[in-house]
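Quick heads-up: it's one chain on its own, the form predicted on its own, in structure tokens.
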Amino acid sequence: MTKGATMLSKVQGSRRPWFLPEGRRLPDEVWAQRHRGLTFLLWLHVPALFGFALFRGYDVATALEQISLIAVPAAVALVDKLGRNARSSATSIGLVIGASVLVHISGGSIEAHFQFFVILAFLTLYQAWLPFLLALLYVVGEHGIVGAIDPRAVYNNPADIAQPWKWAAIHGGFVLAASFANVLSWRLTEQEALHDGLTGLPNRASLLDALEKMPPSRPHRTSAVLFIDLDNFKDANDAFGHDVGDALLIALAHRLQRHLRTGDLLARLGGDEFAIVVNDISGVDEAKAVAERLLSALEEPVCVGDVTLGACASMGIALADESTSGADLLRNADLAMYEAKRDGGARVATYRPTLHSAAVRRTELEAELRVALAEEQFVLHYQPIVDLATHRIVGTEALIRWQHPTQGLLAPAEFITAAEQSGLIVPLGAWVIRTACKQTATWQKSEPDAAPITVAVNLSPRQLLDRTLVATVAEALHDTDLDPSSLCLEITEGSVIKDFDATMPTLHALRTLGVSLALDDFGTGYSSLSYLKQLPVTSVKIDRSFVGDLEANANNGQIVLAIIELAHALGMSVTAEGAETVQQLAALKAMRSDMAQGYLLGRPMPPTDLRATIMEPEAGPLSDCLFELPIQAAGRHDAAVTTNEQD
């Protein structure tokens, strides 16, 4: 028996020997199904024994008297208002009484006694000790008492008749021995159902059962659940294989066990997740102290064969209270763990009610997003991008909006994160690509003699890993008859570098289609030259945070200039985001930025409004902010359009 199983028994207050089943409470649906089957079996005894009594020569009145002993407990077993113990006990007593009636009607025939062996085997289906032990005690008691009062109603052997209590005990022993296989099966079933096969620890079902049976806390003392998730387990598993990963989990499980206090319970919930029930603590501070000690223990290197691995974990804490169920307590600790992981991992976070309300909101938002996709509630707004050499609009930035039926027009910051986390960003991103291509093709066809307006769409990390992305882009270009050079797809450094090997084939396939690729928010991520020279990108976008401080921070100006010169040296064009003043625009032009965009040049607007700006730029605010800037020789450029979450 594992240490975890021993602690579970302590938590449940059980003193049974290790080799016996724990008698775990079955789920309501499973228990109800088994109870219906056993009760049906009990009721089958009524007509069967009535017919057997008549066959044996008993009159109708006597036969009815015999089966009435069964009908009473059978009726009690059907009363839904009674609890499990009462109903299962009624069924148990009814079944063994039925076996007794069979023995009596048969005249104490030894063959009839085999009914008891069958009945006790069936009663192990309840996986509870009360009905099983009641039936066993009834067998011994009935054989002894009735055997002493009316021996021939129970026995037909002279030796049995002479010593009824002796043979009652012997008979009970035989019945128990015959049930051993069923009890062993019961034990093995519980072992598999309640314990993790890899580590031998209690599993999620066992933990929840223990939480529901946890005794009330003493005054000024409480309990807590610690939810542990390993931060770097996937990397170790991928790098060294599942065998090493499994060995690491076993080693960490043993280490956690060694650092537990007496009476605490460790369980493995699945994958790289563990949970600990910490009992008899003063409050959150003591729970944090336990958690910090365990995190320190996990950080010690683990040797698995010839491999030495380091482990770190995120941990959430939830304190128990009278109004919180075991399942809710585990959920709260899980929410706190994700809070710790969002804060960078390798730390401890404590549950707050706002975490649950936020989780509920995310779930509701995901459901609303699914409806919005089905009902096409999304729209695209477009922000102009200006060529600083010619002062002409050469591209637009497509920004998604949600036309919510009750909340009005929502910006991406309200829903993009939820779409990314739920995976809905993939179909939503596909819709953006199709819609942006269709609108751009419409603009180009309306002015066939003008320079083509280009459009770009931001790709999320999840989209880059989607195998259908290249086919989606190709289909959108084909269906809208848009030239591939008119589409620019923007990526961030982080989304590429996180899964560099997985995303590079996709990026090269997109370039093969003929679309442009831009590196968005350049300067805020890794900014690694070794990665930059490998990426098949044609342009970079300078993040608005650098452009916004151009006037107040001289260092930002040097950074912007360095980015522009680096991009040009690599044969890439540059677009500066966030131009909001004439001074910023002039500085960007002096630094030879190819393009710029920002509220000074135009806010995001519906397609109909933007068309007027594209067709007559001299009549709008674009002319007011650019007319004083000198025209310079046209340089190399590529236009870009993004779905920026902040816009």
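Residue indices: 1-based, along the sequence shown. It should be emphasised that the depicted structure is a prediction, and the values quoted were computed from it without experimental measurement.
Missing here is the form predicted together with a small molecule; even so, the following discussion is about that form.
**Student:** Within 4.5 Å, heavy atoms only, one stretch in 27-35, 45-53, 597-605, 59-67 touches the small molecule in the model of the complex. Which?
**Tutor:** Single hit among the candidates: 597-605.
**Student:** Can you pick the one in 538, 332, 89, 463 that has a heavy atom within 4.5 Å of the small molecule in the model of the complex?
**Tutor:** Exactly one residue meets the criterion: 463.
**Student:** Of the residues 383, 100, 573, 454, which one places a heavy atom within 4.5 Å of the small molecule in the model of the complex?
**Tutor:** Only one option qualifies, and that one is 383.
**Student:** Please determine whether residue 225 contacts the small molecule in the model of the complex, using a 4.5 Å cut-off between heavy atoms.
**Tutor:** Close contact is absent here: in the model of the complex, residue 225 is far from the small molecule, nothing within 4.5 Å, heavy atoms only.
**Student:** Is there any non-hydrogen atom of residue 398 lying within 4.5 Å of the small molecule in the model of the complex?
**Tutor:** Close contact exists here: in the model of the complex, residue 398 approaches the small molecule to within 4.5 Å, heavy atoms only.
**Student:** Give a yes or no for residue 288: in the model of the complex, does one of its heavy atoms lie within 4.5 Å of a heavy atom belonging to the small molecule?
**Tutor:** Output for residue 288 is no: heavy atoms all beyond 4.5 Å of the small molecule.
**Student:** Would residue 276 count as touching the small molecule in the model of the complex under a 4.5 Å heavy atom rule?
**Tutor:** Taking the distances in the model of the complex, the answer for residue 276 is no, it never comes within 4.5 Å of the small molecule.
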